[in-house]
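Presented as C-alpha cells, the chain that follows is alone, the form predicted alone.
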Amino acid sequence: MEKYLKTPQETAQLILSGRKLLLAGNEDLLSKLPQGEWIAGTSPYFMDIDGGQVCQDKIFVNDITDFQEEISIKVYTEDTIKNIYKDGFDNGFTVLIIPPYSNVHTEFAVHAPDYENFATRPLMGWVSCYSFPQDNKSGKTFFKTGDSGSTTNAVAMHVKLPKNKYAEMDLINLYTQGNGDEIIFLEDGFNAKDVLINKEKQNFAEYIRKKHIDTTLPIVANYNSAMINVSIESLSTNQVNLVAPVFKDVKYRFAKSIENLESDFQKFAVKNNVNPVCASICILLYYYAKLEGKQCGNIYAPITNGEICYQLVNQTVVTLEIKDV
C-alpha cells in the first residue's frame, strides 16, 4: 500500500514531473517546494498507513493526477470567497484550504450557505494548523509555489472529472444530539455570551460551569437529519469561544455522550469501508479518540483545525471518493 507521507525530495520530484497535488506539512518544508500544480496547508498531524502521528520532516501527498481531466487553482480572499461554488466545474469537485482565524475563515464559516450555487457540487477541504494547542493560530496556505505562504488567503483546487466519473462526498460524524436542554443563540458567530436555554436567557459560560458539562462534547444542530457539530474551544469568565460558528435561532443541544469514543470510532471507520481520494480529520478527534498510532479504516489524511463539507464543520471526518457513473 502506498505511503502518503513523502520526503521533501520525493514531493519535489512529483511536482517537477507535472503531477497535480494536494499537500500538507511543516511550513519550512512547504516553503522550499518548486513551482507547480499544487496547493497546501500547514499541519504536523497525519493519518498514514502507520496510524495517526505527528511528523515534522515529511509532507502528506494526495496525488489526484490520474482522476482529473482538468484543474483550476485559485486564491480566495475575504471578498472573493463567495465565488467558490460558481468557480467550480459542473462535473467535478473542489478542495479548499483556509488559514485559521483569518477574515476569509470567518467569512466562509458564517456565510457559506448563502453563497451562489451553494452545495451544487462537492466542496471539501480543511483549515490549516500547526502545533496544537501551543501554536494553533499560525496555520498557513500555499499556492503553486513555496516562499512564505499566507495567513490571510484561502487556496482552492477545482477539479474537472471525466464524463464517466463523479465525486461523492461523505461526512463521518459519531455525534448526535443528546436529550439535554435546548440552546438557542442570539447571534451568529464564533463566541457566545447570553443564550436562550429552554427559552430562558442565561450566560452560556456560567450555564456550562454550573451544569458541569463535558466540553469535549460538541453542541449539535439537526439540519434535516444531518448532524452538524460545533466544538467548544475555551471558556472565559462570561463567554464561550467556539471552533466553528453557531447560527441564531437554530436549536442546538450538547451531544450525547459516547462511552468509548476510541473503540466506536475505529469500528465506524472500518464499517463504512470508504476508499477516499482525499479526506480530512479533525484535530479534536485525534486527541479525544486517541488516534495516535491507530488506523482510521482506509482513510489517510491530514489532521487539521477544522473540516469543510460544503461548509465549515468539526469533530468529524470528511471523505471524497471518485466513482464510475
Partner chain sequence: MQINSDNPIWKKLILGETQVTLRYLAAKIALSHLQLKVRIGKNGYTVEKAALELYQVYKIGENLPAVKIDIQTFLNC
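Numbering follows the first chain given and starts at 1. All of these numbers come straight from a predicted model, not from anything done at the bench.
The protein also exists as the form predicted in complex with the partner chain; that form is not presented, and the subsequent description refers to it.
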**Report entry** One residue of 169, 197, 174, 208 in contact with the partner chain, assessed in the predicted complex (non-hydrogen atom, 4.5 angstroms)
**Finding:** 169
Report task. Quick one: from 213, 250, 75, 186, grab the residue that has a heavy atom within 4.5 Å of the partner chain in the predicted complex. Result -> 250
Report task. Counting only non-hydrogen atoms, choose the one of 241-249, 197-205, 99-107, 140-148 that falls within 4.5 Å of the partner chain in the predicted complex. Result -> 241-249
Query raised in the report: So, in the predicted complex, is residue 23 in contact with the partner chain at a 4.5 angstroms heavy atom limit?
Result: no
Query raised in the report: Closest heavy atom of residue 224 to the partner chain in the predicted complex, within 4.5 Å or not?
Result: yes
Report task. State yes or no: in the predicted complex, is some non-hydrogen atom of residue 120 no more than 4.5 angstroms from a non-hydrogen atom of the partner chain? Result -> yes
Query raised in the report: Though only this chain appears here, would residue 309 touch the partner chain in the predicted complex if you measure heavy atom gaps against 4.5 Å?
Result: yes
Requested in this report: Decide if the three candidate residues 90, 113 and 228 all line the partner chain in the predicted complex, where lining means a heavy atom within 4.5 Å.
Outcome: yes
